[in-house]
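Just one chain follows, in the form predicted on its own, and it is written as structure tokens.
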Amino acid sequence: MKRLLATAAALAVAAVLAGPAFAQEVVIKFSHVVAPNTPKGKGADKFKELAEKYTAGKVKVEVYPNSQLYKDKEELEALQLGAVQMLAPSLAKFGPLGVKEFEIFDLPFIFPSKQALVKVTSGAIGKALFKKLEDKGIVGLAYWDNGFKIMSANKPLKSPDDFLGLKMRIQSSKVLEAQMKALGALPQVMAFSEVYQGLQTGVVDGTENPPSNMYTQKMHEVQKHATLSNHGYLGYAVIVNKKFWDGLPADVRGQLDKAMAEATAFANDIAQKENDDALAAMKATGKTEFYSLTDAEKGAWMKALKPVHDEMAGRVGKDLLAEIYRETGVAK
């Protein structure tokens, strides 16, 4: 498998370096694991449209949604080996790669608002985090939003005690594992493409997702209850294979940067609306009962989950955590 991926990488780079005339079309395979009608899916399609427009056809972007090429655990290795050129993995995916600082985005209640989040991703912190990926053969191009997450299960989740003993699906993240344990739940790592079936068959009892992911994957059909907790954030980093990117002619790279900047603005602008629309659509089906926490209930959730910050500080970086507290105004 690795030999095949390495061969694909060599061919891709050879095409880019085909000569100063740059006569050969460059193909960017952009793989992701969610549905095309999610914020990320629409952002990927917008990048394809703009990249092909601004490069006047020199670059062709092939978008592969819904884990058509690779599942969660496979895609980063495929990118590093050059079998695909571009991904938009969730920020938690970089922890297993050795860049644990990105797991700071998984901390519960770390971002009190969208504005606080943007201060982090668009500022010096966001740039410094991308810099850490370069040693892994990866260039970070942009941060894309999905939104704040809600909890779902087949029972009401109003207090931390309601999680006791529930098998809750998470993506691979030590922070999310600690979060679920703090609530008394049993964290279960599972590929995103397998979650619907896992919920349907009872392999897992519940999960957390922004509404757009819950709706497009039809999880509301197999979850009776959901709590609008907004306890955590799910965002993505659009990344590209470094050798491939560095091998592109400077003018083409500039055109792709322009396309990515505009696709990022588009994806981030629609994220909130997509989540609002998804929530309304799920409510309209009547299959899931949605619950909003009272101030007292939210306070209980925050109290139960605050120890996760202290427990994970050594993993994500105490100085980085303190810097984000200062940037967002979150109390220690």
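Numbers follow the displayed sequence, beginning with 1. Just so you know, these numbers come straight off a predicted model, no measurement behind them.
Although it is not shown, the form predicted together with ligand LMR is what the next lines describe.
Chemist: Report whether the minimum heavy atom distance between Leu234 and ligand LMR in the predicted bound form is within 4.5 Å.
Modeler: The answer is yes: Leu234 has a heavy atom within 4.5 Å of ligand LMR.
Chemist: Indicate whether ligand LMR has at least one heavy atom within 4.5 Å of a heavy atom of Ile28 in the predicted bound form.
Modeler: Although ligand LMR is absent here, Ile28 would stay clear of it in the predicted bound form, with no heavy atoms inside 4.5 Å.
Chemist: Using 4.5 Å between non-hydrogen atoms, is Asp72 touching ligand LMR in the predicted bound form?
Modeler: Yes, contact at 4.5 Å.
Chemist: Is Val34 one of the residues lying within 4.5 Å of ligand LMR in the predicted bound form, judged by heavy atom distances?
Modeler: Answer yes; at least one heavy atom of Val34 falls within 4.5 Å of ligand LMR in the predicted bound form.
Chemist: Though ligand LMR is not shown, can you say which of Gln179, Gln85, Asn213, Thr227 has a heavy atom within 4.5 Å of it in the predicted bound form?
Modeler: Only one listed residue qualifies here, and that residue is Asn213.
Chemist: Considering Asn241, Gln223, Ser173, Asn209, which brings a non-hydrogen atom within 4.5 Å of ligand LMR in the predicted bound form?
Modeler: If I apply the 4.5 Å criterion carefully, the residue I get is Asn209.
Chemist: Using a 4.5 Å heavy atom cut-off, indicate which stretch of 245-253, 88-96, 156-164, 179-187 touches ligand LMR in the predicted bound form.
Modeler: It is the stretch 88-96.
Chemist: Which residues within 163-200 place at least one heavy atom within 4.5 Å of ligand LMR in the predicted bound form?
Modeler: Going through 163-200 in order - heavy atoms within 4.5 Å of ligand LMR in the predicted bound form - the hits are Arg169, Gln171, Phe192.
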